[in-house]
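A lone chain, given as structure tokens: the form predicted on its own.
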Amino acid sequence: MGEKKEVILSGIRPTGRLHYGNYFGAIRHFLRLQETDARCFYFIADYHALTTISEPENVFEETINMLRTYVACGLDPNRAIIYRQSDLPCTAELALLLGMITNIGHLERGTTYKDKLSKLQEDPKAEGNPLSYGLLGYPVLMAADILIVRADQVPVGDDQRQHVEMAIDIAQKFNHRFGETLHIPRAVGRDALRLPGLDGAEKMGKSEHNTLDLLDDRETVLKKIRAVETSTDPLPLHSDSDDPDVVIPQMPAGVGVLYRLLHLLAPEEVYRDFLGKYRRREKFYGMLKNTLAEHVSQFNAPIIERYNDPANSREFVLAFLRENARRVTPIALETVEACREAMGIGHSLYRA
């Protein structure tokens, strides 16, 4: 028998149209992982998405369109097991079982819950969902997502590391109380770049309406980039370094995101040339925007072409979601049944 492959798990929120923050924060990492010898599981976190929905939305259609974009970016559903969270209903059962041993105080220390609570305390009439059981119990459901497929590694950015650590704590508590039942995962850092928004905000995000999208056509790209605020003259740079992590934070916010994108997409010599123009405090922002728009359009063009390929259809996505749900279900059921038995309620007679 061959050596057991490591299981790597990542969750993807169904956000519909994907942007450059998604690509350099997660998709690029997923593409690297599928080149390794690991067994990759990617689940669409449609249950989790419900914690932030204040009005009815078609999460299912957003999931389909998002997955077509992932495939267009190079994610291969034959090399990774991609499935919807809601197609694995026993995940909800495992979350229920894990919730029986999870302390409320532990959950109240979750950063997502605390941030929401703080915002509501500052502005009780703020738009969006009120505090919900789903938001408080988010880490328990995430623990179920991780533990149900016996993940070895859970690559996450800094904003999600606490949730993985909570999943590890829950699993260890379960095993201590009921015997060695759950496989203990480990959190690993993800090489994720947090892109600022086109408006200069700290984060590029759909809800902030400040994104550059992977499916934006040439005209839309140029319009968005030309609208980036560059009225401030170049500021003196206090470093001779060409490292974007050193010099970009010294630039005005709007200019900084242009340089960040240029460094990611253009040849190194193009980035260095425009950095030199900035240091010399020339008048060049119009040229910078046009050059960047051209490189963005070149990056988007093959993704748009593959997205619109008839082979990458809605029916194609539905087919691999069904197949991968069938592939992951036996693993998940085995985990849940082991937990039921360990806790003393026995195997499900319905599933038997």
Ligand code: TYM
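Residue indices: 1-based, along the sequence shown. Note that the structure is a prediction, hence the values are computed from the model and not measured.
This protein has a second form, the form predicted together with the named molecule, left out of what is shown; the following refers to that one.
- Of the candidates 68, 48, 295, 289, 48 is the one whose heavy atoms come within 4.5 Å of the named molecule in the predicted complex; the others do not.
- Among the residues 212, 154, 258, 88, the one placing a heavy atom within 4.5 Å of the named molecule in the predicted complex is 154.
- With the named molecule omitted here, the record of contacts in the predicted complex names 145-153 of 97-105, 259-267, 224-232, 145-153, defined by a heavy atom within 4.5 Å.
- Although the partner is absent here, residue 11 sits close enough that one of its heavy atoms falls within 4.5 Å of the named molecule in the predicted complex.
- Within 4.5 Å of some heavy atom of the named molecule in the predicted complex lies at least one heavy atom of residue 159.
- By the criterion of a heavy atom within 4.5 Å, residue 193 is counted among the residues contacting the named molecule in the predicted complex.
- Interface residue remark: residue 138 is counted as part of the site for the named molecule in the predicted complex, having a heavy atom within 4.5 Å.
- Residues of 18-47 placing a heavy atom within 4.5 Å of the named molecule in the predicted complex, in sequence order: 19, 21, 22, 25, 26, 43, 45.
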